[in-house]
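One chain comes next, on its own, written out as structure tokens in the form predicted alone.
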């Protein structure tokens, strides 16, 4: 039997972790929902973002919060360049070409990471006074609370950008009907470049946040890609609210599952949720056959 206090603590820490999973999945969901491209390199973009924060922390002593901002910027530029110079020539040539290109990019980033930083796990430290926060009998890790708050800021910022800005309106119009958006004067090629930039930027920011909680190696990309897929499937493609709820569900499921089954089952739980939701409700909790809002 697991003590009730330990279970409550595991639930709360799972919710906090789920916020980062939601940020990681949001970028994947945006790219797929708007561009109809499955970014198989998304998890490796997250890994790159984590190492940006780690390098800034170890070499310059900068807090990983600053690293998160820099990681978003670096991956944003990388994503835009990827769309403009690598994916744009193969888009429209069939579904397979972008997938093959992105799979190759994932392997390349993993190999470069292994050569440049090695295989030893590394992490960052938030370096802010405060070790833990107590809620009743539960004790919450202070870094997890901070990363959760930052995750919510990123999610709300993305939602506000898409809802209240002219560019966000153009992105949503392109997602609904790219041909009609073009007739209305929207440069869909530039929208796709911006969308991939935002998607990879969010992956980079999520990686920086995860570096505060877990050790990072060049091989974590596949694991976090799976988690992002599970969250997108749970919440429904294109739904920001669904992505947040899906991330929270996955974070809680993993934490509670690890409590009862052991740490070796963390990724198995992610994959199990992914398969189960595909079988029971393939359009997700907030999605529909016509796409999410």
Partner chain sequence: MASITDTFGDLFENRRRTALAVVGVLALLAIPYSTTPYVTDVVFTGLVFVMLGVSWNLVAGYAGQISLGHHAFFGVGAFVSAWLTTPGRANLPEAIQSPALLAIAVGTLVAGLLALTLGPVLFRLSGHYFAIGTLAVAAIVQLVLLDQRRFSGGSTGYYVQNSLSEDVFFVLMVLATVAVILVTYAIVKSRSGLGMRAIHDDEDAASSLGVNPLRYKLLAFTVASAMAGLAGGFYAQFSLYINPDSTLGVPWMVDTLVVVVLGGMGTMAGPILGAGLFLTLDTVLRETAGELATTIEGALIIIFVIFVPGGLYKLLKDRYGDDEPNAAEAQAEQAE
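Positions refer to the first chain, counted from 1. Keep in mind the model is a prediction, meaning the values are calculated, not measured.
Another form, the form predicted in complex with the partner chain, is not on view; read the next lines as being about it.
Residue 222 belongs to the set of residues with a heavy atom inside 4.5 Å of the partner chain in the model of the complex. Residue contact with the partner chain in the model of the complex: residue 229 places a heavy atom within 4.5 Å of it.
With a 4.5 Å cutoff on heavy atoms, residue 122 does not count as touching the partner chain in the model of the complex; it lies far away.
At the 4.5 Å threshold, heavy atoms of residue 100 reach the partner chain in the model of the complex. Taken together, 105, 108 and 275 are fully in contact with the partner chain in the model of the complex: each brings a heavy atom within 4.5 Å. Per the 4.5 Å heavy atom criterion, the partner chain in the model of the complex is contacted by stretch 108-116, the sole one of 152-160, 72-80, 108-116, 175-183. Between the options 52, 244, 30, 37, the residue in contact with the partner chain in the model of the complex by a heavy atom within 4.5 angstroms is 37. The listed set 47, 233, 68, 250 contains one residue whose heavy atoms approach the partner chain in the model of the complex to within 4.5 Å, identified as 233. Contacts between 245-277 and the partner chain, taken as any heavy atom within 4.5 Å in the model of the complex, involve 264, 265, 267, 268, 271, 272, 274, 275.
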